[in-house]
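Quick setup: one chain, the form predicted alone, written in structure tokens, and binding and motion questions come after.
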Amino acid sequence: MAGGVRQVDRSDVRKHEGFLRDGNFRWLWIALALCAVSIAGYLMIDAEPRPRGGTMYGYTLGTIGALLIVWLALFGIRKRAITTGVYSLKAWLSAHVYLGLSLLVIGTLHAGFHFGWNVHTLAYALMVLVIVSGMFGAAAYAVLPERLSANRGETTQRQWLETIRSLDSQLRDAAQPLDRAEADLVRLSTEQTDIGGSLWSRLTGDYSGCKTRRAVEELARTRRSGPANPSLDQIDSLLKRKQETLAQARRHIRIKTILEVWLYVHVPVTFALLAALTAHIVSVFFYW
């Protein structure tokens, strides 16, 4: 095209769609239709007591729900293969999210809103926990990767570490002419740098005990109360550069931790759900 402007192809736009929008929300509409049919079926049955697990309607929804749970659990294996098209990994993930949400309706109607202290309710509770954790994961993966990329820019984690080491080296050299108290402030930062910290710090971004932060604050008080000192000015500049680098690296670690830590809930609870589902099915067919 004239002027070097390339017309945007629709296939290019589809290529960059998020997994929640895949195929113009194809799996959302399928999940909504499944929920609508399930609700309509429940409302149309005129019987007392109301339909639940032990009725034909309950068995039908229970079978659909059990098959969905097993299929959804297979995503951990499916995601190892990257494919394109209707059965692409992105389409599978979209189906995983929306059909997983539909289980809230299917499972509740299967139970007929009847719950108690038994293995059946345990399976239902674990299913809800898996779905809620999955909702958190879907939201995180829809939003956080873009923030991760924006925060990182062109800098790698290795470059952050090299920058911090370089700044520590410059700080040690710049602290040579200082007196003992001022040099101790610099040493506080260079000898006790904690980039990641505890799981709580990585998740919340709370680094209130950061030694570099304390050194910056103490040095600011020293500069305000004393005469001008070019060495302190240089150290203040280096410390603030290190503080900015640490903040960027910690934001990166926080986003990655949020993206990863939910799996430590979602995956184990999924296996617990499969075990409870098996116990639920066995107890229904062999003991009822």
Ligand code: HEM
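The first residue of the shown sequence is 1; numbering continues from there. Values in this document were obtained by computation on a predicted structure and should not be read as measured data.
If you look for the form predicted in complex with the named molecule, you will not find it shown, but the lines that follow are about it.
Just one of 202-210, 126-134, 154-162, 180-188 has heavy atoms within 4.5 Å of the named molecule in the model of the complex; which?
After filtering at 4.5 Å, what remains is 126-134.
38, 111 and 114: each with a heavy atom within 4.5 Å of the named molecule in the model of the complex?
Per the other structure, none of 38, 111 and 114 touch the named molecule.
In the model of the complex, does residue 196 come within 4.5 Å of the named molecule, counting heavy atoms only?
Answer no; every heavy atom of residue 196 is more than 4.5 Å from the named molecule in the model of the complex.
In the model of the complex, does residue 107 have a heavy atom within 4.5 Å of the named molecule?
Outside the cut-off, so no.
Taking the named molecule as it sits in the model of the complex, is residue 275 in contact with it (heavy atom to heavy atom, 4.5 Å or less)?
No, no contact at 4.5 Å.
According to a 4.5 angstroms non-hydrogen atom cut-off, is residue 33 in contact with the named molecule in the model of the complex?
No, residue 33 sits far enough from the named molecule in the model of the complex that none of its heavy atoms falls within 4.5 Å.
Out of 216, 122, 174, 72, which one falls within 4.5 Å of the named molecule in the model of the complex, going by heavy atoms?
Of the candidates 216, 122, 174, 72, 72 is the one lying within 4.5 Å of the named molecule in the model of the complex.
Could you pull out the residues of 94-114 that have any heavy atom within 4.5 Å of the named molecule in the model of the complex?
Heavy-atom contacts within 4.5 Å come from 96, 97, 100, 101, 103.
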